[in-house]
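Before any questions on binding or motion, here is one chain by itself as structure tokens, the form predicted on its own.
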């Protein structure tokens, strides 16, 4: 996937300025696809030049006009083609997993500290996702269309974080038990 596709999805949800997109990435899409502010602006410029988006100048009080981007008909076609294309299975690529496997060849205590810190990060993200699901989707059985898609992607994030929390916890527990 290219950043262009993530931006097309975000702009189909709601037209936005580059800054608004960057903020939305930090709150939602960024959990699955990271992009810096600079990357977003650069790609938006390219998408505008390619005719995938349209930019409308919107006046602001006491500030320069801002550009609000929306998906054009050509962009809708690009997005539809990309959505329908097969997606290859993504292999797990984890630097942490390699460190865990190689812990016997270095400072195991340092690796365990890294695992503990990473476990805390995943637990924080899991807690955030679960609160978000309760707040944004209190009755998921009634969802349809785009709201259902958003909820199910959030559920995928919850399941992924549960995996990490359980696996890292298991790794730590096994080593704590072995050291007794």
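Please read all numbers here as calculations on a predicted model, not as lab measurements. Residue numbers count along the first chain shown, from 1.
Omitted here: the form predicted together with the DNA. The next part is about that form.
Can residue 162 be called a contact residue for the DNA in the predicted bound form at 4.5 Å between heavy atoms?
Residue 162: no, not in contact with the DNA in the predicted bound form.
Does any part of residue 18 reach within 4.5 Å of the DNA in the predicted bound form? Heavy atoms only, please.
Flag for residue 18 set to yes.
Determine whether any heavy atom of residue 39 comes within 4.5 Å of a heavy atom of the DNA in the predicted bound form, and answer yes or no.
Flag for residue 39 set to yes.
Residue-level question: is residue 101 within 4.5 Å of the DNA in the predicted bound form, judged on heavy atoms?
Contact with the DNA, no.
Among 108-116, 124-132, 140-148, 26-34, which stretch has residues with heavy atoms no more than 4.5 Å from the DNA in the predicted bound form?
Contact criterion met by 26-34 only.
Output the sequence-ordered list of residues from 62-80 with at least one heavy atom within 4.5 Å of the DNA in the predicted bound form.
If the 4.5 Å heavy-atom criterion is applied to the DNA in the predicted bound form, 62-80 yields 62, 63, 64, 65, 66, 67, 69.
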